[in-house]
Structures are given as C-alpha cells and as structure tokens.
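To begin, one chain is listed below as structure tokens, in the form predicted on its own.
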C-alpha cells in the first residue's frame, strides 16, 4: 500500500489514552480489584492481579511532564469513581485533590483533558448493589456525574461516560441497555456544570461476511452489526432502544444526549455463519502482525493480539458517523515490533484523513496507549508508545513516541510505500 503525504486540519488533536485501573496501581476499592483477589475463575484462567500497575498514582507528575515532552495535545484518562467515593456517600478529599492536581497540570502544559468517568471499573459497593444489572442503580452513577461536573467541569475538554458497553453477548442485553441509559443520564447531569462535549467510547466492531455472496454469512453479518453497533447508534439518534432479545422501548431523553461520537477501533471481524461463535479466522493472505513472546497458556494475551492491520474497517465505521463530531478514543498496536506500531498508526491515521475528506467531522485521535500497562489480567501485551519496566517503573519512550511527536509538530503524514 502506498501513502501520499496527508496534512491534517489545524484544529485536529493528536493525543493518547490510558485507563486508571490499568496504570495507577492499588485501586483497592473497585470491583475489578475485588475480583482479582476473590474470583477463583480468574485465577483458574491464569489471570494476574494489577498490583502497582505502572505506579501512576505516585508518578503522575512525572507522567504529565513526559506526555507534554512528547507533544501530545490531548490525553484521555479515567478518574476512578472508587477512589473518589470508596464507600457509598463518603468522598475521599485526598484522592480528589490528587486528581485535581493532575488535571490542572495537564491544562498548564496545554494538554486537553478528556476525562473518562468509568473505564470498566466502578466501586465495589456499587457492584454489591447489583451494578449496572439493576436499572435503579443508574441513579448512583447520575449523582456521581453531577459531582464530577461540579468539581472538574471548569477544566475538562471532553467527557467519555463509559467504555465499550455496546459489546457483549445477547444474554447481557439488559445490562448493556442500562449502560446506555447511564451514559445518557450521566451526560445530562454533566451539562449544567460543563461546556465540554460528552460522548462514550464505542467498541468499534467492523464486521464483514467471509463469503460476500453467501446469504447466511450476509445475514449473520447484519445480525452481528446490529447487536454490537447499530442498536446504540439508533438509540442516540432516535431515542428508540432496539436490542435483540428484549422488547423495544422509547426513551426520548436518550435522543441526542451525547454531543460527539467516540470510537475505539483495532481490527475487523470476519463473520462465518457456519461457526458457533460466528468468527472466521483471518485469511492466510493477510499481513498478520501477532503479539510477540506470548507465554504458553496466556489466553488473555493471545486474545489481544492484533492479527492484521485493516484500516478500511475504521474508515467504514467513521463514514457511519457524519451527523456529529467524532473523536478516536482508542486505536493501537500490540507487540514488540515498534516499526510495525508506526506502520499501524500511519495506516489508521490515513483512514481518518480519508474520512475527513469524505465529510466526517473527526476532531482528534488518541493512540492506545500512552505507556505499556496492565491489560485486565496480564502485563504481557505492550500497546504503549512508552516502555514500562514493571519492576522499577522506569519509563522509556520507544521510537514510535518520537515519531509521533514529530508527526504532531508537522501535522502531516509523510509519503509511505
């Protein structure tokens, strides 16, 4: 594939993304920490514990300086609800002050703070009440969003209410719908306190049939797209929630509750109607780029491998979002080959540029992730532009970090063959 020199608009933001539980360490009051230490199924599956993670909780000042030195214009990160409210109705002022200092430092360094309210984690007390499986608990999240707006609304550049709630099995339909309602109600709770745009990070499932003319593969692909993508887009556009497996309902307050579309994208999914899980393996002709040095049996790490680069999937998903501004909330390469990481970013930014050319109002791109981190059960996958030694917590920028810094300065993707 050839790539001509492509220049991005002056208002386009280049940045990176992290999540609190994956980098902070000692996030002891959230449900994920509880499960890491008490769920025997996780242990049986060989999943590890987050522990100190990247020790960002102690090193955040250093990390802000590093992000600024690397030229990032935006930074997506989460403020952990479980640190702010470790017990129901009890606020931790020290945790708040630390987060406030983090955000103030970002603003001082001219880095736009894009705050994720919940990135897969929430307080254990909330989980004990049933979490998002119970619609009545949305009121707790709504109350928390109101608090967040009052305490960070003056500094936030953008709000990402939840991460990838659109994914999951049909059996989780009620919980997924409650997540969607929580996003809508949380966004509405933020608006009186903040002018920053609201969104959520959509798990971008680009699906296509294995056999393009096979009616069953095509039907299965439409089904997969509905249950992972279209039901959410339809809900925010119309207020009608139509998810497979449950009766539809109309919630007028859901319509246009968010201001922007947020989109995570990594790879495509090829649909084979003749497989139980509907997932076909990647064709042998694909330029496969798999995770390096995966320990035997580390199934979590194997699952995270980006098996091929398919930027056309990102373009396709963006073209479905012409009705609102868009920010790429995650896009990243996992592996030890940093040259391939650069190639991955080049190809996907070229897809973003093409979407802009075709009329999509894409405002920014956040690479996943700023630094190597804890990937929900394993430290093996390395997505970061910055290498982390998980014993010493030493941060070392990779060549891709400096390549990205240069790209941000010139705002042009150079020609590539």
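Computed from a predicted model, the values in this text were never measured in an experiment. Numbering follows the first chain given and starts at 1.
What comes next is about the form predicted together with a small molecule, which does not appear here.
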Considering 268, 227, 83, 119, which brings a non-hydrogen atom within 4.5 Å of the small molecule in the predicted bound form?
119
Residue stretch of 369-377, 24-32, 350-358, 387-395 approaching the small molecule in the predicted bound form, non-hydrogen atom distance within 4.5 Å:
369-377
In the predicted bound form, does every one of 16, 63 and 114 come within 4.5 Å of the small molecule, counting any heavy atom?
no
With the partner left out here, check for me: in the predicted bound form, does some heavy atom of residue 383 sit within 4.5 Å of the small molecule?
yes
Would residue 199 count as touching the small molecule in the predicted bound form under a 4.5 Å heavy atom rule?
no
Within 4.5 Å, heavy atoms only: does residue 78 come near the small molecule in the predicted bound form?
no
Would residue 340 count as touching the small molecule in the predicted bound form under a 4.5 Å heavy atom rule?
no
